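One chain is shown next in structure tokens, namely the form predicted alone.
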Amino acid sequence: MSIITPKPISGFPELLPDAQIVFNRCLQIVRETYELFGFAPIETPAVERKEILTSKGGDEKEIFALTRLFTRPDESPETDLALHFDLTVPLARYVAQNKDKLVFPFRRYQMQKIWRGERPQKGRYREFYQCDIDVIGRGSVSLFTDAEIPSVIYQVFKRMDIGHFVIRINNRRLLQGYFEYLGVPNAQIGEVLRAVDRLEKEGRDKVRRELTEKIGVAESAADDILAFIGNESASDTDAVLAKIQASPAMSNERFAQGAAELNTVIAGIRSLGVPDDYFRADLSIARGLGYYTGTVYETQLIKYPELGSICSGGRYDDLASYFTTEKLPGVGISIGLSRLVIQLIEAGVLKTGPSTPAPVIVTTMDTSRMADYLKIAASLREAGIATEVYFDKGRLGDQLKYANRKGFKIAIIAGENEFAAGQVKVKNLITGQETLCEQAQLLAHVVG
């Protein structure tokens, strides 16, 4: 039999236990926070029909199609199924399919792996966890929902303890209204928004050339756009809001509506208790995706701007227009958790620890007393303390080396003499201190 040499697959991350424990803890924080705000869980299949995934402009080059390795001669190996590349398209299909069974506004969270056939590079994977929340309305969604979303983001990342971050907020109607005020044709506004969205990555000079040479925006209008957007990282929120109110573009109806919405959202965020230094009105945030229509968000780690946006999203007027004629607007965000956590571990922001979720190990000095060791472990687990029993034969010293390598905090040690006296030793593996205690008092010594 030939041996197959195992090797990693590019773009498909695989973590060791210590890192996986950190990832799972972050996943649990996201889940608990989403539920704290009343979002209900759903899960859609990993596969959708190809026509569903390509309906809203999914890039066919990035979609993994499903085929079978073996087919009968009268069958085709191809199927009409493919792996989902995000959770928004499946949500649209899910809501359209179940709209008469759901309660609106429909508040859902979804935390699943997705797959994209893009070129793997640092921070970009072909398989990763995405954690989404959305609020979908039937006909309308309250603007206060737009204010609540940053409060969710704030709670998630504060609990993760990843350092100072800023939720950057803008309004697409505001930008579109400003472009209209400058005389940019409607047919060019989408391209202008996408160019503005690349400002931080490409710089002002390159974006200006794109606006004037590629899109055809007048030079004076391009200069006005870049001046209006400005360097908002140097401004506080109230200064940005004052700048908007003083703009002559307030004469444009769409601009004025966007300004009013942004003011309402900012006031709501403050009412929800998000500190001012954790969010900012930022006119450079455009979100290049075409379906955003109002509020848009991007979240950035202050000390690690190279990570880009660690959470993004916004408001859209119609989620499921490809699947139903009923208008289903909403607002939502997405966290690419695999990308975020793995990079934060590599940067040392999130520290890995033990390679076991159990703080306690029960050593086995005498295999004839295995029933007693198992009873000790069972009593600790019944009290909610994760516990592992060492089953393999080995000297106590080897068992303690194993325990230290995995990161256990406490070892329970008992031999014939301890059992005869109704006692056990509790060894603190961090300090090295040993305590002899009655078996009946074991729980108190472990917890204490």
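On a predicted model such as this, the values are computed, not experimentally measured, just so you know. Numbering starts at 1 and runs along the sequence shown.
There is another form of this protein, the form predicted together with the RNA, and it is not shown here; the text below is about that form.
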Task: Sole residue of Gly230, Gly190, Gly123, Pro354 within 4.5 Å of the RNA in the predicted bound form, by heavy atom - done: Gly123
Task: Residue among Arg49, Arg68, Lys401, Arg381 with a heavy atom within 4.5 Å of the RNA in the predicted bound form - done: Lys401
Task: Residue contact check: Glu388 to the RNA in the predicted bound form, 4.5 Å heavy atom - done: no
Open item on the list: in the predicted bound form, does Lys425 come within 4.5 Å of the RNA, counting heavy atoms only?
Closed with: yes
Open item on the list: Taking the RNA as it sits in the predicted bound form, is Gly415 in contact with it (heavy atom to heavy atom, 4.5 Å or less)?
Closed with: yes
Open item on the list: Under a 4.5 Å heavy atom criterion, is Ser321 part of the interface with the RNA in the predicted bound form?
Closed with: no
Task: Contact segment among 115 to 123, 89 to 97, 140 to 148, 247 to 255, judged by heavy atoms lying within 4.5 Å of the RNA in the predicted bound form - done: 115 to 123
- [ ] Just give me the residues of 36 to 55, first to last, that have a heavy atom within 4.5 Å of the RNA in the predicted bound form.
- [x] none
